[in-house]
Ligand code: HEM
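Only one chain is included here, represented as structure tokens and corresponding to the form predicted on its own.
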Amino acid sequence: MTVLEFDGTTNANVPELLSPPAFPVLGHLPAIRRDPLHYVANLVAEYGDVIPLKLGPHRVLMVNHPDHIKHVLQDNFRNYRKSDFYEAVRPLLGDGIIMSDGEEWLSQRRTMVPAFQGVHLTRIGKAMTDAIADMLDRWQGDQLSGRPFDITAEMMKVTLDALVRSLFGRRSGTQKEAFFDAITVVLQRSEKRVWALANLPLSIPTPSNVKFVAALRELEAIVWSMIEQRRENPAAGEDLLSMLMAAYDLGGSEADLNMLRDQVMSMLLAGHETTANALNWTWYLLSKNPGIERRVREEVRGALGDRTPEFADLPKLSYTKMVFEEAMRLYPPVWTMSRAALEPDRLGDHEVEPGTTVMLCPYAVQRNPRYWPNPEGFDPERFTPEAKKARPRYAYFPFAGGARVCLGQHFATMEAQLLIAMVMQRCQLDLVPGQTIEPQPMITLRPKDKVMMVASPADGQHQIAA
């Protein structure tokens, strides 16, 4: 056990911060790279609420108490910017809303917020259900033949299609497969860059860099095709793409065009990758817990019968929402996040020096038995209104929180409720036996391998009604 002191001083009135054993120079980097999820979860159990870590040259405080998390994300959020670890994804996201800070971030958020509010929600819900219906129609002729299929790939494709229809006013078409393949390459290599001691510039043509740049160019081509199509048909609707183009495209400068690209790319990544992964884990958990799956099916049948759900039906699907929330507790799509302190601060009894990276880990905190009895168990009842009130707010933060809470939080939850309901109406999903499903902590928390499932008609039907 090692005691790390950032400033070389001691204070008898302040408890020492204990840290796990570390390597010279590399610090805790080899251990966290070897098995990130188990490592961070075990740290919470062994070392408590505030844990100093050394990740190569970076001083890091891993913060695990809900009050401290609230302080960083909400109470004193202006003192914290995105940490240097996010630079690994800047080639993908540029200066868009995910990467920006301060007044620039606030301006970008104000531009985008109206697209997720008011009258747009009914239109968004309809676009989502159209995309889901198309997926289910395709399943009727393919997956329902009894052949196993990868639910991860299916969720990636349908959430991309729903996002593109909802916010960008078009169908993703054959681009779904190209986008899925390219984003997988970019995320895998970005994750390696996050935990690397040093990274070679992308201009150096190593095999890894060449593959990364090629995948990035594929994504950019998709983004620019969407923008060009809207330029040709500007009356397509008052959706997010229209708002972004009004804000950035009309200037015509290179900076404006680059910002337009960055914002569309940010929304494509944040709006489909994370939701797809959360849905993937939801289907996995429901297949492993048939009693809960039956209760969801009963709620859907009672609330909807055979008709397609719409935005107004969401309050009737409360248990379905609880299931999705519990899946995100166990497998938060963004499993870790970090901020860098701008000025001195305090977290409880502990000083935070300027430049210190504060690491917040939903995966570890949301499995902490201090706040979650039987933390490894799948129990949607944790998300009844009464249960939520009984625990600290920031014991659960899959969408971050405070002023920078995820812009698409309600978008993702609405999409999940609609998708789960429509799949339940029309089919039964079961895991293919014999698989070992393990999470892979990239930038998002994906399954390490394919998750193979078999679809069959719901309630023993011989076919699914279109």
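Everything quoted here is computed from the prediction, not taken from an experiment. In this text, residue numbers run from 1 along the sequence as written.
The same protein also has a form predicted together with the ligand, omitted here; what follows describes it.
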For this session: Please determine, with the chain shown alone, which of 293-301, 214-222, 253-261, 91-99 has non-hydrogen atoms within 4.5 Å of the ligand in the model of the complex.
Result: 91-99
Exercise. Contact between G271 and the ligand in the model of the complex at 4.5 Å, heavy atoms?
Worked result: yes
Exercise. Wondering, does F324 line up within 4.5 Å of the ligand in the model of the complex on heavy atoms?
Worked result: yes
Problem set entry | Exercise: P52 in contact with the ligand in the model of the complex, heavy atom 4.5 Å | no
For this session: Decide whether P333 counts as a contact residue for the ligand in the model of the complex under a heavy atom distance cut-off of 4.5 Å.
Result: yes
Problem set entry | in the model of the complex, the residue from Y371, W105, F180, F77 that sits within 4.5 Å of the ligand by heavy atoms | W105
Exercise. Just one of M328, V72, V365, M156 has a heavy atom within 4.5 angstroms of the ligand in the model of the complex, so which one?
Worked result: M328
Exercise. Three residues, F85, W195 and A395; all within 4.5 Å of the ligand in the model of the complex via heavy atoms?
Worked result: no
Exercise. Using a 4.5 Å cut-off on heavy atoms, what residues in 397-420 are near the ligand in the model of the complex?
Worked result: P398, F399, A400, R404, V405, C406, L407, G408, F411, A412
